[in-house]
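Have a look below at one chain only, the form predicted on its own, in structure tokens format.
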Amino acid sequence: MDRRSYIGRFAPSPSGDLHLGSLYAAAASYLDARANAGRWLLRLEDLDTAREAPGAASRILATLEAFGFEWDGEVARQSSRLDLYRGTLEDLRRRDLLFECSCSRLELADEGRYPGQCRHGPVHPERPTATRLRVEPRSITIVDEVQGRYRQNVSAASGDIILRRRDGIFSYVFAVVVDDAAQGVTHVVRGADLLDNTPPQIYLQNALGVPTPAYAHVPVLTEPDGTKLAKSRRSVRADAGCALTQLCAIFELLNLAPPASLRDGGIDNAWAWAVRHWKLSALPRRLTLPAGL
């Protein structure tokens, strides 16, 4: 691959402030892009306005800037791309790949996968409906650049995929696939908690006839009790006041072994050192990693 064609991205949700787990995933994505002389895009996944924390979007941008991240181009916001999603959904509808589903989450709570009740018409036509993509039995195999080979039969694992929810909000799977294709993303480096969500995304990419990026799912940082670092928990927050110290700690978690002297040379120097020493292949093939922070 021509290294100049590399396009990576980081796509946080403004549901809260960034914590060290978020920055760990962002740093892996950023380093892989820069080490391959690629572009690195920033996208805010702000479709679910009910979950958006007031001021979180601006604080996320300020935190990334304080930690020395430099993105290419303007920040993309999903909330400004609704026409693109609507148009893509209608293209799929014209090809008879979609159906409307009136089932609620409560009704499906005991199901391991969506059993297809509404494939031939909504069971409860009086209710608001979600829009699902018909998923036929087929295995999707990816060769993840960190986790290795991963195989999933999407139909057996989850069934027909929701593209638009009953409340009218476009789903994560749909929006992220449309966005990555529209922005020409070639490489996705993100947390391993999204590994099992990747085959449905690839199934949708195939249905849309768009390229599949290369994927690398880095271990998810965990709390001492083994749970994922999360905005909803008291996780270690990204602190601009000690950005260089926290950044070097992230480099250690990324298996870079930064020298102690790196903490004395400034943010730009730290990033330059990390880019020179970056090896995606050095990350452990595991789904979680104790943060130890």
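These numbers were taken from a predicted model, which means no experiment stands behind them. For every residue, the number given is its place in the sequence shown, counted from 1.
As for the form predicted in complex with a small molecule, it is not shown, yet the points below apply to it.
Student: Out of 163, 154, 220, 176, which one falls within 4.5 Å of the small molecule in the predicted bound form, going by heavy atoms?
Tutor: It is 176 that has a heavy atom within 4.5 Å of the partner.
Student: Considering the small molecule in the predicted bound form, which of 82, 123, 210, 194 comes within 4.5 Å of it through any heavy atom?
Tutor: Contact check passes for 194.
Student: Taking the partner as it appears in the predicted bound form, which of 125 to 133, 168 to 176, 96 to 104, 145 to 153 has residues with heavy atoms within 4.5 Å of the small molecule?
Tutor: The contacting stretch here is 168 to 176.
Student: On the criterion of a non-hydrogen atom at 4.5 angstroms or closer, are 11, 45 and 190 all touching the small molecule in the predicted bound form?
Tutor: Yes, because 11, 45 and 190 each have a heavy atom that approaches the small molecule to within 4.5 Å in the predicted bound form.
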